[in-house]
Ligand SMILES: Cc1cc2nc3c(=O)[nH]c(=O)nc-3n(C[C@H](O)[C@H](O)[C@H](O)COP(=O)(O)OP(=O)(O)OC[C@H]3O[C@@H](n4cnc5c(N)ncnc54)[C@H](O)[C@@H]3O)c2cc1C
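Next up is one chain by itself, shown in structure tokens, the form predicted alone.
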């Protein structure tokens, strides 16, 4: 049950965990006993954070060894799963039984508990992030007992994006909908003027749209358009998107890797879970030799924020692999990066050059500062957290009430959130 070797590193190797031990229970009951017996403990998911978010001077608790136990409630239109379950497992089970989630992240390899706890998002003008699908959570309290929080409860909006501060989550209930089909088409050659003048047209071209760029090129880069299709056969995708033209060949990994690990493109229709992610469920998304940063800004200032980053293209280019621009709809979850505002996500995948990346992050945060950016909780950033999360004070009070002795706190929470 317990692996007492060093807990190791994050997926990309960007942080070496300093916890004293790694605990891997096989059942929820075992997890409860472990939590009750320790003074400091935090959850560890699939290690896809790039910072020390999950770390603790005490014990790390990995719930990925607990059976998924997928339970679909067709009347309530929900699915309940173990928090350590990867989205790939949940999505495949739902699809096989005619159900679907409203969206998926780029990587289906991440855990449900970790993704929803950090407001990891998926994308689309009208799509909330993955956390907005949550309908209930089951936490382990400091004394080892189980505590449920459900939609409609007073603390629900503050509990969904919890960063592990409210205790390990054992089970997550998500909203589902009838299964659907989707297609994916890619375009290239969009001019910067078209992006600046017609951003709404670009991001509204499909159910979920991603714009990839390296900032310093004459045209923007590749655009990946994912579209839901109805029961009837879908019409052919138009050959152009403004100044961009539809690609005939498949676009491989946005980071430039040669491996064919991306989901099917070229307009081929398939199940939702085989088109919404960027990377195939049955493939390794990348070798992990990278660093990631992401900031969300209000959609109302999106174009100005994009212009600001392009103004420092020469300063970020040496450290950059690729930037992805996406959108996500507003929500009411206290620590969500899309709380209260439709947002543009500006995501940077950097080369594994820590010093160059640190310098580039400072420059990016400097030019984005006027636009009230919110950093992704699980990726690297340097900026302080303050007024950009207006419910932070309420969250601190919730943490103090549910974990008064600080069993679930860690260096990241104390440094970044001051809890």
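These numbers come from a predicted model, not from an experiment. Positions refer to the first chain, counted from 1.
Same protein, other form: the form predicted in complex with this ligand, not shown, and the subject of what follows.
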statement: Which of 213-221, 165-173, 240-248, 89-97 lies within 4.5 Å of this ligand in the predicted bound form, heavy atoms considered? The stretch 165-173
query: this ligand isn't shown here, but in the predicted bound form which of 227, 290, 331, 298 has a heavy atom within 4.5 Å of it?
result: 290
message: Please determine whether residue 59 contacts this ligand in the predicted bound form, using a 4.5 Å cut-off between heavy atoms.
response: no
query: Taking heavy atoms only, is residue 42 within 4.5 angstroms of this ligand in the predicted bound form?
result: yes
task: Find out whether any non-hydrogen atom of residue 374 is located within 4.5 angstroms of this ligand in the predicted bound form, and reply yes or no.
output: no
task: State yes or no: in the predicted bound form, is some non-hydrogen atom of residue 128 no more than 4.5 angstroms from a non-hydrogen atom of this ligand?
output: no
message: Going through 72-86, which residues have a heavy atom within 4.5 Å of this ligand in the predicted bound form? Please give them in sequence order.
response: 83
